[in-house]
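What follows is a single chain, given as structure tokens, in the form predicted alone.
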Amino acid sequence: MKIIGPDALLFGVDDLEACTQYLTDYGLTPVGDGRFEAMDGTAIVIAAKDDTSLPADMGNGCQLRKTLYGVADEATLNAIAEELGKDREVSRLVDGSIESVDDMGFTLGFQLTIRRDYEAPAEVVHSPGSNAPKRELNELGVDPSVKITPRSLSHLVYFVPDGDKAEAFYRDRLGFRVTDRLVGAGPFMQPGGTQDHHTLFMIQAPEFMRGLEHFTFHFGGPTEVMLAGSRMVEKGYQSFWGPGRHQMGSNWFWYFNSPFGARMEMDADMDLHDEQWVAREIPISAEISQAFLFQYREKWIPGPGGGK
């Protein structure tokens, strides 16, 4: 099954105004009807929690109402409908997408992907002694005033009460594969239509925690993560974890508390893997969770006074 990854996450939120401001400050582009897009058209969609057009909530305060996956072709869409239809209701919506639920009660949608091509420069570094691509002569490596727009919806993380059952559903029913496993937490999972290290991670947790732990978009590189994250802090948002770089997936990260009842991350430079990759199994620990971790501080200047 050629599932590419999440095209959109739909939320029924407590505070539309706060969520609108947050997503705008994060860098997504508002396009109307509660939709906020990245460069490739992947998006967060928000509505008031009592909006009757939304799928039902999970009954525990989780504001995520639906994870909408993009697929590569009609054959995949039909295969998913046939597979899930063996033991649960599958609805075909007027837009051609299908809707069902997973074994943990999360509402899922599948559609022909809306991801579009876009042009944006990759982050390039000068590496001494290397033949790797470098910036052009006299091209600056950083512009603190540059506009930063997230590039693509990257992944999401669920708290699940039965990790084995949740993993089996995505592996056996939807063709996801485990790329790495944090023993004591859960699996990083990659669908068949992408080489991203993961688009889904699941963490074993008590039933009352069942829901969304965090979600994130890819940025253009670590400089974008650092700049965009610094701007979030300077606007008064609370940094939760980061900046730093994960070991599993190698992605740069910076997590922030959000009004969605879950953290929202910024990430960049995630590993890519094909079927030749052999999944690692490593016990969870602070050491394996990140290769290194920084802490934000206000800007300063070197000098005798050490002031700002």
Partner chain sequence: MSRNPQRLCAIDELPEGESKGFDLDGDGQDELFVVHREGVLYAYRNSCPHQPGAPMAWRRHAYLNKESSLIVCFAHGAQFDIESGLCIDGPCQGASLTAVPLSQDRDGNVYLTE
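Since we're looking at a predicted model, the values are computed, not measured. Positions refer to the first chain, counted from 1.
There is also a form predicted together with its partner chain; it is not shown, and the following applies to it.
J.: In the predicted bound form, which of the stretches 70 to 78, 93 to 101, 229 to 237, 181 to 189 has residues with heavy atoms within 4.5 Å of its partner chain?
T.: Partner-contacting stretch among the options: 229 to 237.
J.: Is there a non-hydrogen atom of residue 209 within 4.5 angstroms of a non-hydrogen atom of its partner chain in the predicted bound form?
T.: Although its partner chain is absent here, residue 209 would touch it in the predicted bound form, with heavy atoms inside 4.5 Å.
J.: Just checking whether residue 18 would be counted as a contact of its partner chain in the predicted bound form - the rule being heavy atoms within 4.5 angstroms.
T.: Yes, residue 18 sits close enough to its partner chain in the predicted bound form that at least one of its heavy atoms falls within 4.5 Å.
J.: Is it the case that residue 287, even though its partner is missing from this view, gets within 4.5 Å of its partner chain in the predicted bound form, heavy atoms only?
T.: Flag for residue 287 set to no.
J.: Do residue 246 and its partner chain share at least one heavy atom pair within 4.5 Å in the predicted bound form?
T.: Heavy-atom contact with its partner chain at 4.5 Å: absent for residue 246.
J.: Can you work out whether its partner chain is within 4.5 angstroms of a heavy atom in all three of 14, 159 and 261 in the predicted bound form?
T.: Checking in the predicted bound form: 14, 159 and 261 are all within 4.5 Å of its partner chain.
J.: Out of 213, 167, 123, 83, which one falls within 4.5 Å of its partner chain in the predicted bound form, going by heavy atoms?
T.: By the 4.5 Å heavy-atom cutoff, the listed residue in contact is 213.
J.: Going by its partner chain in the predicted bound form, which residues of 56 to 92 come within 4.5 Å of it through any heavy atom?
T.: If the 4.5 Å heavy-atom criterion is applied to its partner chain in the predicted bound form, 56 to 92 yields 60, 61.
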